[in-house]
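Shown here is one chain on its own, the form predicted alone, set out as structure tokens.
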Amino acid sequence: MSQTETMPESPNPFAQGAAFIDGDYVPIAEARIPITDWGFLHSDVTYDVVAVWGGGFFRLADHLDRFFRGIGKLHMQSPHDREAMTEILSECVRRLGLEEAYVKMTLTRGTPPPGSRDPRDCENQFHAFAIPYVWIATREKQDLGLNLTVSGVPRISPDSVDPTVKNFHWGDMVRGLFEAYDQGGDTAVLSDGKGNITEGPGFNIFANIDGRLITPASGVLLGITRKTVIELAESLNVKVDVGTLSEAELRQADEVFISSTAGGVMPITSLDGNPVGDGGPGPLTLRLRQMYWDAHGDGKYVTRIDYR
């Protein structure tokens, strides 16, 4: 090889994702947790997901606040403080090498000593990973609007599993999804079994009724995207009611949209096969959708990542 020739660049081993496991960074395909970890065996775990867009975390502080609240409610302890956790998440993104990413942090109960079934004996385990950005629905699908079904599967009672603590108890959600697919829907929203709407797999829901936005208060995760939508709507002097949204009200709404870190503000244009409003994304939905993505350039929301 001549002096002017250069070796071809090695492919990035983290191109499909970078994970932090047992104090080390590994390609996502190599990430493993013990089969005896109660996070796997018992769904004894909490997690959070923060988006990276344009090279910055969106509302990272809010996601960390929620994550640590969940840790406390589950009587767990993180081996890392917020500063260390921020650096771990940033390093996962640096190794991935993308400016748009889906970043997940997880704290599992861990594995108890041999012979013990006492959760207090477990050493809690922190894991994290960054992968290319994940969409609930593509931009193209969002332009048309999603077909939502109201599932006959009731949401797990908040008296049993606290929905404000992000968790892996998705049995009801998965049943709802398959029910939606069988009916030709894109996704599903679950009720509380008493005629009131809660949330869907990975998203909160909003209904615009006579210029007033309603989003459920009970049986739902307190979504960070939901919080952003509420702030943006109030900046437009739109009244937002965080309260009860009945199934009957949802069916009479002028506009319906869902909100999630995995996609932002996403229009619903069909409900159980029937058009919502005029059957297209509504004007308030489109306005909030644009404002949401514009906010990703706002310094008050964004934590920049140093990729060097």
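We number the residues from 1 along the sequence you see. No experiment lies behind these values; they were computed from the predicted model shown.
Same protein, other form: the form predicted together with another copy of the chain, not shown, and the subject of what follows.
- By the 4.5 Å heavy atom rule, the three marked residues Lys104, Arg120 and Asp159 all count as contacting another copy of the chain in the predicted bound form.
- The closest heavy atom approach of Gly211 to another copy of the chain in the predicted bound form falls outside 4.5 Å.
- In the predicted bound form, another copy of the chain sits within 4.5 Å of a heavy atom belonging to Phe129.
- A residue is said to contact a partner when one of its heavy atoms sits within 4.5 Å of a partner heavy atom; Asn204 fails this definition for another copy of the chain in the predicted bound form, lying far away.
- The shortest heavy atom separation between Arg251 and another copy of the chain in the predicted bound form exceeds 4.5 Å.
- Among the residues Leu245, Val276, Val45, Ile258, the one placing a heavy atom within 4.5 Å of another copy of the chain in the predicted bound form is Val45.
- This chain lacks the partner; the member of Ile136, Ala233, Leu98, Met85 within 4.5 angstroms of another copy of the chain in the predicted bound form by a non-hydrogen atom is Ile136.
- Only one segment in the set 235-243, 52-60, 267-275, 30-38 has residues whose heavy atoms sit within 4.5 Å of another copy of the chain in the predicted bound form; it is 30-38.
- Residues from 168-189 that approach another copy of the chain in the predicted bound form with a non-hydrogen atom closer than or equal to 4.5 Å are Phe168, His169, Trp170, Gly171, Asp172, Val174, Arg175, Leu177, Phe178, Tyr181, in the order they occur in the chain.
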